[in-house]
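Next up is one chain by itself, shown in structure tokens, the form predicted alone.
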Amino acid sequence: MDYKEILWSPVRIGNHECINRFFAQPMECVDSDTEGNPTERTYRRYENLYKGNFGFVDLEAITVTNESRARKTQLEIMPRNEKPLAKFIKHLKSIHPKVKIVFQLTHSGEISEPEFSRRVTVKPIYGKGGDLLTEEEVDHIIDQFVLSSKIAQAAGADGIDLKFCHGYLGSQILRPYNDRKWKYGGAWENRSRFAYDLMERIRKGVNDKNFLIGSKVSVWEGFPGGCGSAGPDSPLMDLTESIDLLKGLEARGASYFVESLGNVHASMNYMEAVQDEPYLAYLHFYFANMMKQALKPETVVIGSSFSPFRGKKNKLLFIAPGKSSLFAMGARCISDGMMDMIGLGRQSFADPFTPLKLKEGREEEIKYCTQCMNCEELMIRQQPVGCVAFNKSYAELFKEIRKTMGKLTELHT
């Protein structure tokens, strides 16, 4: 079986069937209106993913609260947003009714931007800080997640993705660094309480067996005390808790997981390998395979960090170009049982029509991500995000931002 047959074979997630193995990663794009609703830019981005035949789409980091958020114009999911979101989903499904979409629900916690929102923390971390959250406030945040899940269902989404990755609130509570003596800290039983109680309450509150619930998880954050560490300040990797989290969520009704690593502040290169370090992408295969082996066969695992593999011209040595391309490597990972789907993030910016072009035999027309990271810079500067290399409107925006604000020296959000 060649890679086209593998990548275009269907896959079942819960009670749904995806038309292929392509997953559009949740990519924050900072282009909502002032109420957190989709704008023309938002519509255009997701229309292209639907027209491009991605089998499974994850709506970017949509915040359950306006009080604490990372982006000034971030998509929001509260009662006031239900009708605009329903209109948005109805429009997308009219383009391609077989494409599945989930909403990635998030709370930014210590990553919230204090210039326009409240930065909060479960335990102050060096370089960040924030208002210390109380147990009552976390209980209220769980209420907000449950309400947002009901709104997502009412708006027509096929499910949700609970964001337990990249240093946002979910991972802040889960990490060993959170050794504070309180309801949600210290022993793993307490730190995992947030995720497990949240999962149980959403499953009960939505009460629909067809509603997908999953999570994007940073199984290893890559810094002392982060998720996947051996202790509150340990630099050693210990994945015991990460595996327990996956199994615990699965037992409570999760039907899929998106593998990820890193943290947007401390270890971003583990999240998304840059031009000079494409080999970090191989780490994701190890962790996705670990997840796959720990979970039930029917639980779908989605791999990440495929953009560095590009076409048959990439920077990866000691492997023939025909075996190291995005499609060849993705199909290999699926056929070898390491994962069930491949997640495309930056590549979905570069060419949202990637799956369709493969299906139609137009591989030579695919625009491959250059890993320039200019899309990341736009996000850091609180600007609408898109591919600077291949999309003229974002290229012009980037040029103007550089002209007025100067060059950004470090890629940290």
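The first residue of the sequence shown is number 1, and the count goes up from there. This structure is a prediction, so every number in the text was calculated from the model and none was measured.
There is also a form predicted in complex with a small molecule; it is not shown, and the following applies to it.
Asks: Looking at heavy atoms inside 4.5 Å, which stretch does the small molecule contact in the predicted bound form, given the options 298-306, 197-205, 81-89, 126-134?
Replies: Looking at the partner contacts, the answer comes out as 298-306.
Asks: Give me the residue from Ile366, Met27, Leu356, Cys372 that has a heavy atom within 4.5 Å of the small molecule in the predicted bound form.
Replies: Going through each option in turn, the one that passes is Met27.
Asks: Considering His107, Lys216, Arg175, Arg310, which brings a non-hydrogen atom within 4.5 Å of the small molecule in the predicted bound form?
Replies: Checked against the cut-off, the match is Lys216.
Asks: I'd like to know whether Gly167 contacts the small molecule in the predicted bound form, with contact meaning heavy atoms within 4.5 angstroms.
Replies: Heavy-atom contact with the small molecule at 4.5 Å: absent for Gly167.
Asks: Even though the partner isn't displayed, in the predicted bound form is Met271 close enough to the small molecule, meaning a heavy atom within 4.5 Å?
Replies: Result yes; Met271 sits at the interface with the small molecule in the predicted bound form.
Asks: Check whether Glu376 has any heavy atom within 4.5 Å of a heavy atom of the small molecule in the predicted bound form, and answer yes or no.
Replies: Glu376: yes, in contact with the small molecule in the predicted bound form.
Asks: Should Ala61 be classed as touching the small molecule in the predicted bound form when contacts are defined as heavy atoms within 4.5 Å?
Replies: Yes, Ala61 is a contact residue.
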